[in-house]
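Next up: just one chain, as structure tokens, the form predicted on its own.
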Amino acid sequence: MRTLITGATGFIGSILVDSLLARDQQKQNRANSIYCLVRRTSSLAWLEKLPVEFVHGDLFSDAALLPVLPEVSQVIHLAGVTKARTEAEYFRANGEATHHLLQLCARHASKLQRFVYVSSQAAAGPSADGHLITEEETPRPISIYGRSKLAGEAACQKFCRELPITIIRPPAVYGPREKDIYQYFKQVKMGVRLRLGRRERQASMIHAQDLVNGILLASEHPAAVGETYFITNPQPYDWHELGQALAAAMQKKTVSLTVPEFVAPVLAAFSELGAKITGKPALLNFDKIRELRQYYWVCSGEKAKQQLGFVPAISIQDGLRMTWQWYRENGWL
């Protein structure tokens, strides 16, 4: 089995690589190879000491990809952007790049057994009334990011008759090495739990290790070909519950502070101004605010449970405690 992983330097991708290597070692399978597509400028901090082969380039680098694709039996496509300066950058990285990779696979990956595209819950959009949305519902993304990930899904649908494709839509993902929800950990450590507005917001979540287990299961299950799955914990959580669970895991006394909703666009404006000055994508932009203001980012994992037998192994309490311990042991907190 030869696997090509894009986005392997990210926190989910690096955990995926670790899991693949651990599985092969457990099975004493030395015939497997892992190719990691990496940019020359990418940090290899999580990969440099691992027995993997680096393919230097990006998703448009035909010269880098063409030598390995004929030998690849599996592609797990994680690469993309969650923050960008312009709409065009989102669609190039998440939509056009996915289409190009699929096109190369259709032409050159003659041994391909599965192509897994890791999309996002943002491609489906939020729930309007709090019901757990399913894969059968019409996608209604409300952000540029969500629409660009849906463009990647559309590319998959275009090639579904030529390639064995599975689409995964993760919700909010937390765990070791993650840097966005990590900001909330920092707040709780300071004794503060911030909430946007007075009305509670609910979100589905998944620990990165559970997500990786779901991806690997879907990558091999025969029923997953041509299907789309939410890989998520069955129960959504509101931010008050999450804050309390995290404070308990950290053994930290906290106070809850409400940030008025009208403040969020102001913060986004300053963040985007700073991005224009530095030339780097804004951490908090108007697109992200549009997502944060939704009340129900909730989805159902029932299809993955019924068709694949996927059940998350890590509870939110255990996951938060494990993540907190990792941040502390590695000097992040």
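Residue numbers run from 1 along the displayed sequence. Keep in mind the model is a prediction, meaning the values are calculated, not measured.
The next section is about a form of this same protein that is not shown, the form predicted together with a small molecule.
Listed residues Val212, Val118, Ala218, Ala124 were compared with the small molecule in the predicted complex; Val118 is the one with a heavy atom within 4.5 Å. Proximity to the small molecule in the predicted complex, taken as a non-hydrogen atom within 4.5 angstroms, holds for one residue of Pro171, Gly175, Pro236, Gly243, which is Pro171. Comment: 34-42 is the region of 291-299, 34-42, 66-74, 304-312 lying near the small molecule in the predicted complex, near meaning a non-hydrogen atom within 4.5 Å.
Taking the partner from the other structure, the small molecule in the predicted complex has no heavy atom within 4.5 Å of any heavy atom of Cys105. By the criterion of a heavy atom within 4.5 Å, Tyr145 is counted among the residues contacting the small molecule in the predicted complex. For Trp324, no non-hydrogen atom is located within 4.5 Å of the small molecule in the predicted complex, even though that partner is not displayed. When the small molecule is considered in the predicted complex, Ala79 lines it closely, a heavy atom lying within 4.5 Å.
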